[in-house]
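A single chain comes next, written as structure tokens; it is the form predicted alone.
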Amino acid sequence: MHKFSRASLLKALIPGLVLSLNLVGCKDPNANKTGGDPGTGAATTAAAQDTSGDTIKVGQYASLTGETSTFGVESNAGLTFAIDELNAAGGIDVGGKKMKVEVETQDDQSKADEAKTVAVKFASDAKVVAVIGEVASSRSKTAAPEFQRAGIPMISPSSTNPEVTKVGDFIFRVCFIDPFQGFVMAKFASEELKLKKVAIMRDPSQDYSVGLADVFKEEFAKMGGAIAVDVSYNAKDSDFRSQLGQIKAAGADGIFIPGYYNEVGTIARQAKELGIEVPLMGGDGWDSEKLVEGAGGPGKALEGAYFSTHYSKDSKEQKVQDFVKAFSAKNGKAPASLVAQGYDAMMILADAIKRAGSTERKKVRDALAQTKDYEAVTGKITIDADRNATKSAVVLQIKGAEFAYVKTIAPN
């Protein structure tokens, strides 16, 4: 498998990360460091941890309402299912003592500024052991500095932009990152679909979209492909015909749209209206039960399109099938990828607390960093030196209202 060089990845991704801090007119010089004790100097926002009590308090911030609400709702469903499972078994074994888990969930309304507000709230709560969130990379990047300064482990179930974990050594994720996802789709477009000239449609306001587009662009070129045209759109727009007209004129034989599910359906419908009949491709931002609704429903404009994501309910792995069966029996429907990722985030945290034998944040952080070959629902996960998950990706194809498994692509 193709290997990435650090230089090529950094070149492909968004340079720099401006951290929005909760200080008056100045920037905390420790906020972006990846070593040392991030809790120092955080007295204005962080309360000293209180480890007394018989329960483990976990915070969660998610988009339960707003533009990407299905992301938060699905991730929350997975986390809740994990906690119910843990508590039904008596809780987490912490140094020989069983402790049940309680969760406080805050709705960030799909807004980055609200995510920061919620992060400040959690940072001031002495009982919070760790925080799960967010799904969207932009919101994770906004909130992460608050958790880093407070010394509270944060685990994102699904934020794939590489800059998220660079905020500091208390910031983790249980998903792969955009360089790998971009490579996966470039490889799939080149080797499986045999495409030669692909157009890119990106949303420059979303870190996720830009990062994934940049990596796809570089990797597809390395594989001998050409980028027909690289156009931008705004997720608030409802008319994408101008950009699609450019793509049609450029003679693209495929379109890569690394955006969120909200706008993808509209883009697909308008592409069909313009007579564009080439494969459409995307990333895990497509992975929502509402995706095909915007495309006119099952079997319409997105029929046959492909996207990369973290898991398939059709996997033959026993752990996956057991999870799908149990979740479906309780909730009346099969779990989507974000449900599985929310579940994995909580279960990996529980595993770290058990291995640490403590609810002290620093010890939990250290145990998270040592996670190796954890058998998660979304695959075997090892946390690397940058606190990212090394794991496989799957490519799914839209067939009616279902997302059918096509291929697994493993990391090198």
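Here the structure is a predicted model, which means the values were calculated and not measured. Counting begins at 1, following the sequence as shown.
Absent from the display: the form predicted in complex with a small molecule. The rest refers to it.
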TODO: Determine whether any heavy atom of residue 143 comes within 4.5 Å of a heavy atom of the small molecule in the predicted bound form, and answer yes or no.
DONE: no
Task: residue 135 within 4.5 Å of the small molecule in the predicted bound form, heavy atoms - done: yes
Open item on the list: Against the small molecule in the predicted bound form, would residue 338 count as a contact residue? Criterion: heavy atoms within 4.5 Å.
Closed with: yes
Open item on the list: Residue-level contact is defined here as any heavy atom of the residue lying within 4.5 Å of the small molecule in the predicted bound form; does residue 180 satisfy this criterion?
Closed with: no
- [ ] Sort through 76, 148, 161, 110 and report the residue having a heavy atom within 4.5 Å of the small molecule in the predicted bound form.
- [x] 161
Task: Selected contact from 208, 122, 220, 306, since only one has a non-hydrogen atom within 4.5 angstroms of the small molecule in the predicted bound form - done: 208
Task: Partner-facing stretch of 100-108, 125-133, 278-286, 325-333, counted where any non-hydrogen atom is within 4.5 angstroms of the small molecule in the predicted bound form - done: 278-286
Open item on the list: Each of 71, 260 and 310 within 4.5 Å of the small molecule in the predicted bound form, by any heavy atom, yes or no?
Closed with: yes
